[in-house]
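A lone chain, given as structure tokens: the form predicted alone.
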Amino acid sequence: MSRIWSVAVDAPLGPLHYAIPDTLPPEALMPGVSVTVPLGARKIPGVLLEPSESAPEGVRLRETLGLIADRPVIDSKSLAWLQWLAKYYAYPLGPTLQLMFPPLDKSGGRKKARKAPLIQADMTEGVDHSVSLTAEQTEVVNAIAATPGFQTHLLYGVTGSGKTEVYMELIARAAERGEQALVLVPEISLTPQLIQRFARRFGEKIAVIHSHLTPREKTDNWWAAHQGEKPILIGARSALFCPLPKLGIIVIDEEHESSFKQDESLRYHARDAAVMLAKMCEIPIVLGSATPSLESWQNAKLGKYRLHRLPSRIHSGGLPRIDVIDLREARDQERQSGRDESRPFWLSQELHLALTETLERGEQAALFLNRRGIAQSVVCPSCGHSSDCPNCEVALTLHGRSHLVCHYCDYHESLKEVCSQCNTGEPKPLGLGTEKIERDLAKLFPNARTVRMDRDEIQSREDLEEAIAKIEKREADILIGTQMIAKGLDFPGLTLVGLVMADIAFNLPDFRASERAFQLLTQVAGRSGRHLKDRSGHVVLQTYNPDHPSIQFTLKHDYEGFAEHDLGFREVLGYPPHGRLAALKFAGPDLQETEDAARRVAELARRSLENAKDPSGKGYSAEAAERADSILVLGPAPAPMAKLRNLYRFQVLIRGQGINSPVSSLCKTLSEHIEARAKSKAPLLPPKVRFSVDVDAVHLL
């Protein structure tokens, strides 16, 4: 066997060639084996890819330094999948492969104590392997189980329709065949509630991986899943990279969630990456949601995904009743008839009455506002000056009575009594936040017990578990929160949901704003009345824009109508899922330098496309020319949030017409060209300008 191998090293470089010393036996050498290699003066990990007859011309070979014994071999299917990921998302292969290993060595290291064990003893009490399914659930399970091999199944079920029971039954059948299962959920949904439901069905067979575990806990769970000791792995998006040798089914719950898209390093989308993994492993994958992403819905319409429906709730009398309160009309009426001054400005008469009646019945209510703090901004009434963050182009948010905070860079300052601009006016808070709602409710309902769930109040897994426990045990009457309370939570006593200001998500400069608003409104409303038998839950939705499509379709519980409406809008403009979109992102401390760098890369992209459009030059085919002609380079332009953490931000958008447009190939070509130029005397990017590629971009702010 050749003693020269190409190695994917843990560095932003392509594969490098190394010599294998005679001390390593030939039988230990195979693709997917981890080795330590020298790179410059450093020793870094790498993964063997394939043997080579000779080294590239002019390359002086260095020897590998030995095997990394504590790492499993990456199997051929996983290796092919990782190579696809690196190519598709235009990211170096070496760092991509390193995602397949746990954070620590298999043994050794001191465990950091947790306040409570990951899977508590009471979670596995009364394990029940026989679960009674409804006729609708049974039909879906049988339909999915009857399709062997690879197939993407989209499970569209209204909130409270029992999607989790479907997942568990499919997983139980896979376990009976001796197969492993992977369940991915949004990080925010990885609550004790979810883990408890699985633990009561499967006992000690589940492993859990999420960001709030210590590195040792992640490592232990990783190995338990990899070695089959715990054949069911539940986790956030990173759990996708735990190799399961007998993987038989993948489940993606809340598949529409944008948090499945990684925002740094390898900017993969866990849902899409999981579909490709399932294809390579020839196994089924189930995507579940009450509000499927329009990409998944379009794939179901085209027949690429198989659609299954759960149209009814299983524990309650039906979907909640939604009352829309037009805050403009309410304000006009109060001007004419006089306002009750004891009622806060943000609380309509209808929501006030609904809260009062809910508390009198001994039931629970939730108030949702996707803004934390007391107020979004502080403005001087004399000169109009606002308190802005010096590091970011955003207003500071008021917390407490005098604490101004930037939610992006954590800059802090105290609220001044006199305006620093005009030296006469007294700055006043404008807007509303969850902290303000909590204070107002304490005055309005002094006997009501409140729990607030936002990033200020919930800063650890223990905080989250404690807040959920209070609501479950009926030790709280009113839950106040941001989108943290919108997903994955099921409280039997919760019968009223109030959306305090539904308009917040409507006007963001993003073509997905309406979709996200509809999903959020529907998911929040879906927390109400999930266990009522004799009546439906109640939702009060306050808005200044009651005619907005997101609200109108939410009011009718009409996901399919909303999907058709928004897909039509996107088709006209060529936005995903009718086309492809990638974002080239630039960030640097100097405004002009960053903009110039973005402009040079945009020009390079346009030149690359022009070359491809000429079949007579560079050896390109007519087909390649036609595909290149489907791509449009837009920009550069300042990002919607043009300055964050003292860095100026620019974007270049690569938009492709049609789902087969080679946007990803262009992005990879650009990345490789920029990397090659970085080693030359004329680099495209200055040293201080950060550059990243986001293929299938989800977050454009």
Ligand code: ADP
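Throughout, we count residues from 1 along the sequence that is shown. Every value quoted in this text rests on a predicted model; they were computed, and no experiment measured them.
Separately, the form predicted together with the ligand exists; it is not shown, and the next lines address it.
Asks: If you check Ser107, Thr134, Ser402, Asn423 against the ligand in the predicted bound form, which one has a heavy atom within 4.5 Å?
Replies: Selected option: Thr134.
Asks: Scan Glu393, Glu295, Glu363, Glu165 and let me know which has any heavy atom within 4.5 Å of the ligand in the predicted bound form.
Replies: Looking at the other structure, the residue within range turns out to be Glu165.
Asks: Please name which of the stretches 526 to 534, 97 to 105, 237 to 245, 578 to 586 has residues with heavy atoms lying within 4.5 Å of the ligand in the predicted bound form.
Replies: This holds for exactly one stretch, 526 to 534.
Asks: Closest heavy atom of Val158 to the ligand in the predicted bound form, within 4.5 Å or not?
Replies: Judged by the heavy-atom cut-off of 4.5 Å, Val158 is in contact with the ligand in the predicted bound form.
Asks: Using 4.5 Å between non-hydrogen atoms, is Leu302 touching the ligand in the predicted bound form?
Replies: Looking in the predicted bound form, residue contacts with the ligand do not include Leu302, since no heavy atom lies within 4.5 Å.
Asks: Is it the case that Arg607, even though its partner is missing from this view, gets within 4.5 Å of the ligand in the predicted bound form, heavy atoms only?
Replies: Residue-level check for Arg607: no, no contact with the ligand.
Asks: Spell out, yes or no, whether the shortest heavy atom distance between His565 and the ligand in the predicted bound form is within 4.5 Å.
Replies: Answer no; every heavy atom of His565 is more than 4.5 Å from the ligand in the predicted bound form.
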